[in-house]
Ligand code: F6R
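Here you get one chain, nothing else, as structure tokens; it is the form predicted on its own.
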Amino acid sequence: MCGIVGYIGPKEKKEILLDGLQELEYRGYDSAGIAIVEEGALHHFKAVGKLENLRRKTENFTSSGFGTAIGHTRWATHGKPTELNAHPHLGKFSYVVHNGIIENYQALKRELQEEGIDFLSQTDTETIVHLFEKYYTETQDAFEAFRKTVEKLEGAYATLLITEVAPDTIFFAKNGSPMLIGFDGDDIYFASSDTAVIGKAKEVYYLEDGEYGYAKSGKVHLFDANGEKEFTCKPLPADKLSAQKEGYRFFMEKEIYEQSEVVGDAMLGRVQDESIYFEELSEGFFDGIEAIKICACGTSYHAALTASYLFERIAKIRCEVEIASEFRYKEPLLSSDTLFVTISQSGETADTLEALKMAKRAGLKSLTVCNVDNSSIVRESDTAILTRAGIEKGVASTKAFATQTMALWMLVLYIGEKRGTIDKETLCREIDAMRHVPKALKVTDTLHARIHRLSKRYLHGHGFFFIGRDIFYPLALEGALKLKEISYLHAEGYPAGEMKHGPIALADSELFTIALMPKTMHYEKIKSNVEELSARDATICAISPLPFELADDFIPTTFDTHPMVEFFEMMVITQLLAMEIAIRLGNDVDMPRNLAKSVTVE
């Protein structure tokens, strides 16, 4: 998730770009850059790190007169945060900025390199500008070259391109990643979010997937698969914080809804037809590895527990999971045939970082699953898999957990394939299930309304049990943690089969049980466990594709052909339930008491 801005008109362009990027910096701040075409000449500036570095670099530059301009603030997905990898990317006479992931960029890059085109960066984005210039050389028509370029792209993208051969034009295209066009008379603006153009544009048009075109002479020409089309603008909201939330009440709510998109981003370029590919992992990285030890805290620990079932069941490799704050002091026995995996949303989690340093001192090979490139844990690890969740502003993690779990599931299949412990039929079945996950993560109005209605039953009582079996036990832990974090109600996650070994003593009508009852995994077993609780008068909320006659509340699920697809659908439900209960209690779900987003203390 990155931020794009663009402008075409006579105003001073540098400040328009920098101000717009400042509003989008929450979407990424690994690097930033701007490019301006004025009087037929290109000017560009890039800087690593936060936007203030780019401001310092451009303090002696001003622009005046009519021109085109584009800018970008980056959340790294391909390549380290360096000036070469920062946007805008340059061809011989053009610049491009891009959000999203070009899924087929490797094939496109190979074709272009075979034709003698040199690449400067490690990014997928650079393929766009080289394709455009190739097609322009062939056609001598800038818009036709851009149309042909867009036609070749697969994956998610929002992109702007400016060029010396059409210095009065901005070309644009959108598929999967957000982008809007703002209007104020003949001045035209582009941005990833409303916030970047509030106070500048008076009305906006929100681009739909598959739309592309160009802006020139105060007018936008918009196209889709059926040719040029008319469009209608909307008034621009005036409140910047509200605009960042894009109509949602809280950032947490927005991030729950985003999970379908960001999990898709996590898969792009990695989930292929019959295999998993990680460009981050070198050939032979797993040679000599006979076991995996995962170390994490909080929500990341629950993602690790989920993965431990998959590593042993699917990849047939021994996997142990440690809470980082405990691991550091237990004098663990570490052997060199163990891969040490850390998981962290921020990459700055102090306990996890110190655990990683211990493993490094013991000579273990290390890998991290993280959302922030160039963070401390990423730099300390031998290699990293980025989750591509984008900035998560809600303190209670949602989309970070979803993308961590997806990244680990992909890693399971990757290792199983490399070790030869997974057959082709199983691999293809797992990949097919993965492709259904983004759809399973979509929140429907019907589902959300149902959860909102039933949440009023769960505001009082003496506590919650979230129960599940197998991979649904870590999900029960995560569901309970979400509720604790934002509602301040007592909640525990438990293996369903353990209830009879003590906790069932708490069962009465004021004990709320959230039962995760997947059709594809141990349904009859967990059904029996829930019946035991119901017989003790516990209040039951069943989450399942199968109706359960003893449930006081029932939330039906749709996907029931693969445990992991059921896992992700139930994950969304538990997140929404926690949020709706917390909102009814009057809590600020984005900034719950006593908590911080990045835990950098022991």
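Note that this is a predicted model, so its numbers are computed, not measured. We number the residues from 1 along the sequence you see.
As for the form predicted in complex with fructose -6-phosphate, it is not shown, yet the points below apply to it.
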(request) Examine E485 and determine whether its closest non-hydrogen atom to fructose -6-phosphate in the model of the complex is within 4.5 angstroms. (result) yes
(request) Report whether the minimum heavy atom distance between T159 and fructose -6-phosphate in the model of the complex is within 4.5 Å. (result) no
(request) Considering only heavy atoms, tell me if T149 and fructose -6-phosphate come within 4.5 Å of each other in the model of the complex. (result) no
(message) When the contact criterion is heavy atoms within 4.5 Å, does I117 count as touching fructose -6-phosphate in the model of the complex?
(response) no
(message) Quick check on this chain: which one of L441, L131, I514, L481 has a heavy atom within 4.5 Å of fructose -6-phosphate in the model of the complex?
(response) L481
(request) Quick one: from T125, T306, N529, S300, grab the residue that has a heavy atom within 4.5 Å of fructose -6-phosphate in the model of the complex. (result) S300
(request) Select, from the options 468-476, 413-421, 397-405, 255-263, the stretch whose residues sit within 4.5 angstroms of fructose -6-phosphate in the model of the complex by heavy atom distance. (result) 397-405
(request) Using the arrangement in the model of the complex, list in sequence order the residues of 548-587 with any heavy atom within 4.5 angstroms of fructose -6-phosphate. (result) none
